[in-house]
Every structure is written in C-alpha cells, then in structure tokens.
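Take a look at this single chain in structure tokens; it is the form predicted alone.
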Amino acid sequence: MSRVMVGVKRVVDYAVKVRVASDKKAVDLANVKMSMNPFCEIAVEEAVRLKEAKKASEIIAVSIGPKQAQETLRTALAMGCDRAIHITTDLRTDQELGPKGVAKLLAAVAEKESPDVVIVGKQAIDGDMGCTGSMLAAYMDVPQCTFAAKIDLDAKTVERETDAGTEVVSFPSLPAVFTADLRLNEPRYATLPNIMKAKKKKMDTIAAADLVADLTDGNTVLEVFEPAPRAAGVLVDDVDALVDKLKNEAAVI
C-alpha cells in the first residue's frame, strides 16, 4: 500500500469579504476568519478515501505557516489523516512565501518521508496561482497529474479537467504528484469524536529555515487594491429590447 502526503493551506475563509490593508500592500488579516483552502479539503478527502479503499497505509498532512496553521492541520487529522507536520515560518503565505518556496519546502519533507502519492489542491483561493503542484513535481523529479477529477492508482490513469471538457491521461509510475480539482470528490465534515481523537494524533514541528535556506521567489507586491465596482444592471421588457441594447449600447453583437 502507498504512503500519502497531502498539503493543506490556511487561507481567509471563502465566505469572508476580504479587505485591503490601509497601506495597500496586502490583504488585512486582523480578526478575519481563516480556514482550510477548499481545494486542500478535496485533497485530504481523496487521501482518506485511498486509505479507506486499502490503497494507502498512512496519510501525512503538511502545512506551512504561523502557529495558527496547527488548527488547519488538526482539521485534516480530524478528517482522517494519521499524523501532521507543521513547517513554521513568519512569512505571509498569501504573498511573501510564493509557490516556489512552498514547493521547495514540500519537496524537502517528501525527501524525508518518501511518500508514494502526493496530493495538493490545484490552487489556493488567496493567490490563485495554481502552480505549486507542478513545481513540487519538478523538484521531486516525479510525474505530475494536474486538475484531477478522478484518480485510479491501479490503472495508473487520471481524468483531468480541461477548458474543453475532460481528458484521461496515464502516468508511468509512483511516486507522483496529483493536484485536486473540484469534481474529484465532496469533502466530509469532521465529526466531534474524530475532532477529539485528532487532538491526540502526532504533530511534528519543523522550522522552514531548517529545511530550505532560500525561500525567495523573485516576486514583489507593489500594491493591492479592490476591483473596480461593477455598473448596475438594467431590466428590459422583452427580447427585442435586450437585443437592441446589446447591439447599440454594449456593441457586443
């Protein structure tokens, strides 16, 4: 059976309306509800399902960030992960620590843990860069299967989401890196008994600086600003009026 490593990220909760900080250099995180990145939840669920199907022997959850990231790891443990690794850093994971640095750190952990399967979300909802998984596969020098909607380890195939629909691709062997798309599964809620059990599961702590010396990625945030407000919509009486506005006012037809 495979050993699975799954990456989880602590982000601003998807239901929160984010605010720009007064210096316009970042998003304001003060007194803001944080939670596990939704795509990371899908990654954790897939790892747990692999174990339930007797295809995985152990699931290791890994998160990078401040002390509060341990709350995210406890959620992963409550969902079914066996143990956790917290990589501590004071760098903001929404802008100071980019995909390159994250991929380096996860690759360093993978070198120590030797997982057969690595699953991460296809993107984080704060940066939306969507490239950590690919960079991780490059650093690990293993196959990558991105935007996975279905993973079949026995057949060594992955159904991928694309702009034109889905496609099925094969990967040569394990270990491999998979990135989770929305259709891969529907994450479970952690039950109260499992939340209590998660408090007793092992969580190791490692300083990011002890794993990777250089975490810079060459990007600098110049300014953060809110998108321009959208113009108010209008109601039309019939299709003819709609066509007239699209043609003569919007000039889209």
Partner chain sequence: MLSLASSLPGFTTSSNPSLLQQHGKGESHHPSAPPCLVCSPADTSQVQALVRLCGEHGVPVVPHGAGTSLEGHLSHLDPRPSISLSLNNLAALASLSVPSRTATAGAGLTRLSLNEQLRGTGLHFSVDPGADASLGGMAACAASGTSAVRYGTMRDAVRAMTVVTAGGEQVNTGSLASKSAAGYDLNALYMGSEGTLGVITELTLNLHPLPSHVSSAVTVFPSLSAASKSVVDMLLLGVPLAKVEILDRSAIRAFNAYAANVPDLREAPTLFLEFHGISEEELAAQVAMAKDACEGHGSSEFEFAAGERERRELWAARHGTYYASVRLRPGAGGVVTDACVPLEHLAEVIEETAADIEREQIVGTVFGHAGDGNFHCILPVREDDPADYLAKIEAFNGRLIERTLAKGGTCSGEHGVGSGKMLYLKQQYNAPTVGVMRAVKKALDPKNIMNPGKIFSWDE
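Quick caveat: nothing in here was measured; it's all calculated off a predicted structure. Positions refer to the first chain, counted from 1. Think of the rigid core as the biggest set of C-alphas that the two forms share within 1.5 Å after superposition.
The same protein also exists as the form predicted in complex with the partner chain; that form is not shown, yet it is the one meant from here on.
Asker: Might I195 be said to contact the partner chain in the predicted bound form, defining contact as any heavy atom within 4.5 Å?
Answerer: Yes, I195 is a contact residue.
Asker: Contact with the partner chain in the predicted bound form for T191, defined as at least one heavy atom pair within 4.5 Å: yes or no?
Answerer: T191 belongs to the contact set for the partner chain.
Asker: Would D210 count as a contact of the partner chain in the predicted bound form, using a 4.5 angstroms cut-off between non-hydrogen atoms?
Answerer: D210: no, not in contact with the partner chain in the predicted bound form.
Asker: Residue-level contact is defined here as any heavy atom of the residue lying within 4.5 Å of the partner chain in the predicted bound form; does E52 satisfy this criterion?
Answerer: Output for E52 is no: heavy atoms all beyond 4.5 Å of the partner chain.
Asker: If contact means a heavy atom within 4.5 Å, which one of 57 to 65, 24 to 32, 180 to 188, 202 to 210 is the stretch that engages the partner chain in the predicted bound form?
Answerer: That would be stretch 180 to 188.
Asker: Which of the residues spanning 8 to 43 lie within 4.5 Å of the partner chain in the predicted bound form, based on heavy atoms?
Answerer: Contacting residues: Y14, K33, E41.
Asker: For V234, is the CA shift between the shown form and the other one at least 2 Å following rigid-core superposition?
Answerer: Yes: V234 shifts by at least 2 Å between the shown form and the other one.
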